[in-house]
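Encoded as structure tokens, the following chain is the form predicted on its own, with no partner shown.
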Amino acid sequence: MTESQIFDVVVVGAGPGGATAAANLAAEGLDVLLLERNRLPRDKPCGGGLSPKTYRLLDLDFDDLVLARPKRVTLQAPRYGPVTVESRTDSIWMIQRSAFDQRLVDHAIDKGAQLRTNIIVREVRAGDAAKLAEVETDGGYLRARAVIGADGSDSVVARSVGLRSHRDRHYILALEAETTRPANTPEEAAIIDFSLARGYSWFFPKGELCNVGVGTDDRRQFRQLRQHLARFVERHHLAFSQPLRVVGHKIPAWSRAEPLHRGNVVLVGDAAGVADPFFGEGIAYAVQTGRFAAAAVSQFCQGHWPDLTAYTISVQSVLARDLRFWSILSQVIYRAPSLSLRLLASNRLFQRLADQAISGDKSFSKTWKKR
């Protein structure tokens, strides 16, 4: 790298949010550089379930990456269940994040974005409409008319420009493992167990593979997560052929509306802390914030908007409405999981509403595209 490289937009992080933003901006003819600290394709701790509201947003073909499409789920609570319910809308599409993220990056490159991997971003200094932002990396300096921080829950971009200073106050801690699917498990049915305080354990089938894990936002449970995972495996008779290789990670669940821009810098995805507080679903919100960021940054770079305030407003006024719903729902269900499951199992109206909420067909923000 040289110290004089200038781009219209530098996107830090090549996950779903960053790759989506890079693709949309490059498609409009902007000079976009996408930076990733790892070599691609790279593993990413994640359950790997795409809800209908996620795959409806993506205008590219990735059917070949879908390993399973479960519509049935077995639900368990401490004093009720198991009970199996089936979606009447659409299935969840199970993918491996390494392949899925690579497809999104390839799409961004096809649209004209440049990609550089194995690049560590050390600091970002925000500018404004009259001053370029500066990105300091382990290989030199870059300058850009705008920077999009898509670098995860421990975002260097957010820390550098003073955004999301309270990000460690509220998050979901998850442990998960991806391994060969046990022969005694169904190919097209998931398991969700609410026996853990303020969280749940899961089993997601992925063809010959599966993902199993546990997550909670209750810090009193953090040290016992491995034991909770072991009890879940035993309770549901998951006969794994080898010990699980467990990986831990934070899911930065939304907790409040806050600024997501400073000067000519914006945050998307996990860097913006927009995973839903109930299921911990982050991919849909990463893709959508990537789309919102691209729209705002395009207007800013073309001189139509004086700053990026509109991006924060978009997230707070649109996505935050759905996120507040999931926050309230998590408080209700986690307070009485057995009663909640009993009501869901016995009431078709509740089942239909749950289907519609998960798929995005029932949305306070009307932000999710319908087929």
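The structure displayed is predicted, hence computed values, not measured ones. Numbering starts at 1 and runs along the sequence shown.
Just so you know, the form predicted in complex with a small molecule exists too; it's not on screen, but the next bit is about it.
J.: Is it the case that 203, 322 and 360 all touch the small molecule in the predicted complex, with a non-hydrogen atom of each within 4.5 angstroms?
T.: No residue of the spot touches the small molecule in the predicted complex.
J.: From the candidate stretches 185-193, 297-305, 229-237, 263-271, select the single one in contact with the small molecule in the predicted complex, where contact means a heavy atom within 4.5 Å.
T.: Checking each option against the 4.5 Å cut-off leaves 263-271.
J.: Counting any non-hydrogen atom inside 4.5 Å, which residue from 316, 338, 38, 309 sits next to the small molecule in the predicted complex?
T.: It is 38.
J.: If you check 163, 174, 210, 133 against the small molecule in the predicted complex, which one has a heavy atom within 4.5 Å?
T.: Checked against the cut-off, the match is 174.
J.: Is there a non-hydrogen atom of residue 150 within 4.5 angstroms of a non-hydrogen atom of the small molecule in the predicted complex?
T.: Although the small molecule is absent here, residue 150 would touch it in the predicted complex, with heavy atoms inside 4.5 Å.
J.: Please run the contact check for residue 46 against the small molecule in the predicted complex: heavy atoms, 4.5 angstroms, yes or no?
T.: Yes, residue 46 lies within 4.5 Å of the small molecule in the predicted complex.
J.: Does any part of residue 9 reach within 4.5 Å of the small molecule in the predicted complex? Heavy atoms only, please.
T.: Result no; residue 9 lies far from the small molecule in the predicted complex.
J.: If we define contact as a non-hydrogen atom of the residue within 4.5 angstroms of the partner, is residue 283 a contact of the small molecule in the predicted complex?
T.: Heavy-atom contact with the small molecule at 4.5 Å: present for residue 283.
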